[in-house]
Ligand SMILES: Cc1cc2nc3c(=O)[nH]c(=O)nc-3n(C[C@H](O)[C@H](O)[C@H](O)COP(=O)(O)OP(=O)(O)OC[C@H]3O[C@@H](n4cnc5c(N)ncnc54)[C@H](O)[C@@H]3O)c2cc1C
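Take a look at this one chain, the form predicted on its own, written out in structure tokens.
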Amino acid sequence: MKRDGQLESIWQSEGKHYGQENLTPDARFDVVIAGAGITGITCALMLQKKGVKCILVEASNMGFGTSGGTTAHLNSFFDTPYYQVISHFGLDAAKLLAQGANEAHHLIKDHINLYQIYCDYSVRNGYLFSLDTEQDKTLQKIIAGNQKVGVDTFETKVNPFGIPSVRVVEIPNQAQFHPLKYLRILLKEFINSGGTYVENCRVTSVEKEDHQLVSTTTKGNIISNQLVYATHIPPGRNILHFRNAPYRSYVMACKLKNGSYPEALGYDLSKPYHYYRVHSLDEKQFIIAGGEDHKTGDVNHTSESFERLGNYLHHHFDIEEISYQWSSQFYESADGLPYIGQLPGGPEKVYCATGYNGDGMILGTLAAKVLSDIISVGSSKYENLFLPSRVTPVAESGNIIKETANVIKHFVVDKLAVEKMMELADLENDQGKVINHKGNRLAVYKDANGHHHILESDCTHLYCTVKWNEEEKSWDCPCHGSRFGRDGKVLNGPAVTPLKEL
């Protein structure tokens, strides 16, 4: 199956195409759901089972985005630790978040049992460990926060990953699974329940007409009462693009010489942190490790991120072979919690779910629960906690200033500092660069046969200059995370139109 990058993830061998080829002209549904990742598929199935007539549309194929690149940890704790949530939102909000994590995990388990899904689901203990005294101060805060919200956290003397640590804590009853094996069956159940699924169909805009929504797609219009953007970040132009920052994370799946694969989930507290799990595929075991996160488009050579991750793993593990490596994108919200609910500034009954940080499997499932409840019964107990229009100045002001400054840097500085290269011959085969050629900024890719492919370098979302991602072979926008293929086609929103070919 395809995903939004050149590199193959360990999950990609599992994937089938179920979608229809075409839409019925001016098709009518109760709800349109855009995006066939964990949020969209779960939400579509839950609504369809409640008798809500749904159509699920996907711009490419199931799991094309982050759901096909995740490391698929199922945690009761989050990238934003509970002590921070308590500080910024209060203890009751933090307890509600913990309750949501538990409910989402149970929903996944219920689906696995109900639909008899063989998706390599396994319960694992999670281990957080500090590597120095500064990290240990943070870890002690995490312990205290977890205990306040009822997440069992115990100190232990053993780090199952063998990494020397100042302190190690165990958090029982975490889990892992194969995300695409899980989603494939949910999607099949959605279709068997009467749902409509269309692949290679991108929603480009939605307008309200005569008390109904008209969604414009690349395959025609769809008329509905409500719409859900389960697209990781809503497309088009919206205030949420300024309250979420796109990041890329790097992952390697490795074979070990000693054959010692800990049946555990692991996390250090480095910045950016590293995370670990083990998975069996075709009767072969792999340790899957990730880290080296950075703002999308903020590094010139993404190969260096893989190199740093590889060096780190070779230092701590007896690596025989790096069998897979890939990167994936996530959005970090301004205040640490996701935005789930009515899309700010959009037509009434247009919903979104974004800002999951690195917790997409649990928060994506929880988002599906929240949105299906809002649509089917009119409310959700989590609605106010995740309200997209919320303003939390204390929690988010520093992040908004930091990320807005970063956007301005790329919007202005990148346009002034593009490489002054007048000859296309300076490009090597299978290489891309933004160049200044005869007064025009161009995104130029030279393919393996030496042919040049030339595109406008301005992102079609808000016109920031794209940057070449040498590992995933894509043009990435450092401002709001839009990504384009070598041919300029949209890989990730919020952009909905391709880079112009010249």
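A residue's number is simply how far along the shown sequence it sits, counting from 1. Since we're looking at a predicted model, the values are computed, not measured.
The same protein also has a form predicted together with the ligand, omitted here; what follows describes it.
Contact with the ligand, judged by heavy atoms within 4.5 Å in the model of the complex, is confined among 22-30, 466-474, 51-59, 440-448 to 51-59. Contact check for Ala36: a non-hydrogen atom falls within 4.5 Å of the ligand in the model of the complex. Looking at Asn357, you'd find a heavy atom of it within 4.5 angstroms of the ligand in the model of the complex.
When contacts are judged by a 4.5 Å heavy atom cut-off, Tyr275 counts as touching the ligand in the model of the complex. Contact annotation for Cys201: at least one heavy atom lies within 4.5 Å of the ligand in the model of the complex. Of the residues Arg124, Arg184, His73, His111, just one reaches the ligand in the model of the complex with a heavy atom at 4.5 Å or closer; this is His73. Annotation for 313-334: interface residues with the ligand in the model of the complex are Ser328, Gln329, Phe330 [heavy atom within 4.5 Å].
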